[in-house]
Each structure stands twice: as C-alpha cells, then as structure tokens.
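Form predicted on its own, single chain, as structure tokens, below.
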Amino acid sequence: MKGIILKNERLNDKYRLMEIESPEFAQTAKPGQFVMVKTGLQDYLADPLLRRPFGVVDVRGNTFRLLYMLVGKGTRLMTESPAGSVIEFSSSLGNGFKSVKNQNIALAAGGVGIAPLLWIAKLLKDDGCRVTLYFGGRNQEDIILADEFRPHIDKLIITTDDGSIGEKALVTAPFEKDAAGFDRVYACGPKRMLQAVSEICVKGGVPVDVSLDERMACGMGACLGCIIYVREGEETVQKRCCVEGPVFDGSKVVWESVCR
C-alpha cells in the first residue's frame, strides 16, 4: 500500500508522530495491529534493507497515525520524510486487542509502548468500561500523548525513573497495589515491564493481554525471525509474534524466551 504523509510531527528530541492518509488501510485496521513501513528514502539495494514494524496508534477517518522513537537509520529516514511525500507500508498485520464491555480495565504502558493503547482505550470507554492508565518512562520526555488519553480514561497514574514527572518509581509499583481490583489488563512496553505486569496479574488472578515488540524481517510469518514460546496446556509451543501476535495472553508467555 501507499499513502500520503499529512503530518510528521516532532514531539520532542526522541519521538515523532506521523499521520498518513490511506482510506484502504483505515477501513481494515484493528486496535493493536501493526504495520511494516518503508519510506521513499529507502531502496532495496541499500541500507536499511528491511521495512520497520510500528504499532498503529489510531485511525481517524481516512488517516492512521504511527508513533515512532528515533533509534536508527530507518527511523531517521522517517524524520526526513516531509508532509506531502509518499510512504509505503503493508496491510494491517497481526492479531490485536479485543475490546470488552462494562469492565474495570487497567492499561499499563512504558515509553513508546503507549502507541497501541490509545485506540483500545477509546473503544473500551465507548463500551462502558472504567479505564485506568499506568504510564511509566525514564523521564518526562517519555511521557507522550498523555493529554490525548485524558478524554478516554478515568484515571491517569504517571511514574518516571528520575521523578521529573509523576511518582518516582517503576510503573509496576503503583500498578501492583491496585491490580487485584481490575477485571482485565492490557499492556505494552519494555519486555521486563511486561513480564512484571504479567506476574502481578497471575498472582492476582487477573487476565492480562500483552503486546510484544520483537525484531521482524517480513512481518508475515515467513522468516521466523520473531519466534517466542508460549504454554498451551502441558506443552510449550512456538508462536510467530507477527502472525499469532503481537498480542498474547501474558500468563502463558514463556518470558525466558522473550527477555533474552
């Protein structure tokens, strides 16, 4: 697919928010899915060779948005893609979050892991859920899009490692105090954070869905580069994060295969 970049907004030195016009993509994407992106500045004869995976922030009319963090050449080329230029991307990929109705929900996010939680927050709120967002980062620079969440959540709890905004703590600290009171938890962020959130939920008997972020070459299950392990009954089986995920039951993930 191809789309037109409408906005490529600088949020701070670390993060950008890109809005892309594509009616075809907007009509098919679901919350929690992801997309493989290739800018017009990449070609298949030069570095970087591969497309980059990004979670879909949300869909608005004929447009969708991607939040990205500057980590390498691929994301640097995205910053150099101006509004009005053409960008290539895959169809919407993977299995996303499933919404529920009239439940007490916690969202747990770390840094750029906030990206796929905005859309599901909107749906949950529309479906009568009470939604609490626990959002953690290293410092204030990591606390992005928080204002966009406020109309769609009932409570926001922010933590940072240095205390520059919110409570000086890991996001799992306030979450653990409240976890047993939730009906379900949706989480995305660093792998160790997701492991900790899942272990807290298992201990409290709370269902937890985690969105995993693995290195992917194809995004379509062919290269097997994003294999993780999950428990199915008495067995441990392989799953492709791109096809069977990126959202998994956190209580069944073999975290040793993810946090390696």
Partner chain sequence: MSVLKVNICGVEFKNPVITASGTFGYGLEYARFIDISKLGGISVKGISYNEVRGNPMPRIMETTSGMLNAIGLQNVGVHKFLKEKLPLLRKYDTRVIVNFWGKTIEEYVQVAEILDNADIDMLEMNISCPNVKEGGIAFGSDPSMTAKVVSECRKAIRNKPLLVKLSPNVTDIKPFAKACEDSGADGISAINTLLGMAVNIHTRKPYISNVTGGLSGPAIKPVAVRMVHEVSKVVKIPIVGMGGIIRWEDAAEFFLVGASAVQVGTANFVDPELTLKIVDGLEKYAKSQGLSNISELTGKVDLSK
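Please read these numbers as outputs of a predicted model, since none were measured by experiment. Positions refer to the first chain, counted from 1.
We do not show the form predicted together with its partner chain, though everything after this point is about it.
Candidate stretches 87-95, 179-187, 133-141, 108-116, one within 4.5 Å of its partner chain in the predicted complex by heavy atom: Of the stretches listed, the one contacting the partner is 87-95.
V57, M193, I200, C226 - the one with a heavy atom within 4.5 Å of its partner chain in the predicted complex: Only one listed residue qualifies here, and that residue is C226.
Residue contact check: P207 to its partner chain in the predicted complex, 4.5 Å heavy atom: It does not: once its partner chain is placed as it appears in the predicted complex, P207 has no heavy atom within 4.5 Å of it.
Close approach of R215 to its partner chain in the predicted complex, 4.5 Å, heavy atom: So R215 counts as contacting its partner chain.
V237: touches its partner chain in the predicted complex, heavy atom cutoff 4.5 angstroms: V237 belongs to the contact set for its partner chain.
R65: touches its partner chain in the predicted complex, heavy atom cutoff 4.5 angstroms: Although its partner chain is absent here, R65 would stay clear of it in the predicted complex, with no heavy atoms inside 4.5 Å.
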